[in-house]
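Take a look at this single chain in structure tokens; it is the form predicted alone.
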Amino acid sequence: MAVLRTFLYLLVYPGLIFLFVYSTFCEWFDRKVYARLQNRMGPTHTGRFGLLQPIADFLKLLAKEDVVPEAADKRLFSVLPAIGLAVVATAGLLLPVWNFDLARPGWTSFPGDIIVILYLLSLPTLILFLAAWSSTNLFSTIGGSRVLTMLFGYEVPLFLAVLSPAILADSWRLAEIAAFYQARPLLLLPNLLGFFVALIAVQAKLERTPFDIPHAETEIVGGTFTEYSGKKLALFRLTFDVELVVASGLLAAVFMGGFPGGAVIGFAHFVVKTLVVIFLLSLIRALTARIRVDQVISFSWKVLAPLAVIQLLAIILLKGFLS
């Protein structure tokens, strides 16, 4: 029975099938919100309200010709899309989707899992750099260097902002952090500054406008993905969709408290709160235009990092006062 339960967790819920279905739904939601904010319709024809459009795009890419450049490092070029998807899918399994029973924690819940999930979310950036470098294309190489350059800007503010609520909750385990704020919702207010810092940092991590510099089509064709096509490009696109879900779920769990109730109610809370985060990310995407890579670094270290430090100091002082 335990083996069957583990198998269901890994493959069905909250495993790979759930991640695939929900990530494609979140892509549809993101595209729909972004389109409506620009007075467009967004996906409409494939499925009811265009719900099946992301899946149709994924299947279409799977059917396309898979081209590998002659000068590329063929093994590295071919295996990196699968590694990227595996990394973010593993991070998704660590999200506390509905189980906050600390007496009987989920099988993927353990002390320090918030550090692990932040580490796993950092790896796709390095994978994108290697993918660009292995293709040997000039545009891809430029995009890869931009990916790595941006990493040194947003990563520190993101870590500081996400770990501040953990310090106040006195735990490095996601389920305990979410349960702490579920029981004390007023303590979510001191973390509001950190939430907005983390939100902007996640926007940069996902390479969404105004941080879509590594794959700026008007400047460097497709940047990192210039040489990718077919199945490999489909896997990379799915990787970004799953990463969007994981990053949104992380912010929801840390900054919005737990998802009370059983499996059904908890799952509903998870969906609502992650969609709220995705809506805010879409809003940033619609309201801003692309900036330069040097402006990303400057903004990160002159604005985001100081705000994250202020957030951290405020949490430390509050923790001392409450204790």
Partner chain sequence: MSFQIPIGPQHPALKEPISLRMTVEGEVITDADIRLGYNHRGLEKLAEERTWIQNIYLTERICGICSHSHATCYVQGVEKLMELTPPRRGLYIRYLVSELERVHSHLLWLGVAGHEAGFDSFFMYTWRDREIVMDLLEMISGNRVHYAINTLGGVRRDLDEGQKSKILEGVATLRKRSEYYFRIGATEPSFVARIAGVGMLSKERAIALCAVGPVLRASGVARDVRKEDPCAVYDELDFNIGTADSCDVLGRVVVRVKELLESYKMIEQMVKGLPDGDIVAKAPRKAKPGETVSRYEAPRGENIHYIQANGSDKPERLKVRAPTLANYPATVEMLRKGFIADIPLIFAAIDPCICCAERTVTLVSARSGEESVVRMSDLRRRALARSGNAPVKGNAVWPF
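Positions refer to the first chain, counted from 1. Small disclaimer: the values here were computed from a predicted structure and weren't measured.
Note that the form predicted in complex with the partner chain isn't included here; everything after this is about it.
J.: Decide whether F270 counts as a contact residue for the partner chain in the model of the complex under a heavy atom distance cut-off of 4.5 Å.
T.: Although the partner chain is absent here, F270 would stay clear of it in the model of the complex, with no heavy atoms inside 4.5 Å.
J.: Mark A71 yes when one of its heavy atoms lies within 4.5 Å of a heavy atom of the partner chain in the model of the complex, and no otherwise.
T.: Contact with the partner chain, no.
J.: Can you tell me whether E219 touches the partner chain? I mean in the model of the complex, with a 4.5 angstroms heavy atom cut-off.
T.: Residue-level check for E219: yes, a contact with the partner chain.
J.: Within a 4.5 Å heavy atom cut-off, is V293 in contact with the partner chain in the model of the complex?
T.: Answer yes; at least one heavy atom of V293 falls within 4.5 Å of the partner chain in the model of the complex.
J.: I need the one stretch from 193 to 201, 209 to 217, 88 to 96, 162 to 170 whose residues put non-hydrogen atoms within 4.5 angstroms of the partner chain in the model of the complex.
T.: Every other range fails; the passing one is 209 to 217.
J.: Would all three of Y34, F49 and F139 be in contact with the partner chain in the model of the complex, where contact means some heavy atom lies within 4.5 Å?
T.: Every residue of the candidate spot has a heavy atom within 4.5 Å of the partner chain in the model of the complex.
J.: What are the residues of 39 to 53, in order along the chain, with a heavy atom within 4.5 Å of the partner chain in the model of the complex?
T.: Going through 39 to 53 in order - heavy atoms within 4.5 Å of the partner chain in the model of the complex - the hits are N39, R40, M41, T44, H45, F49.
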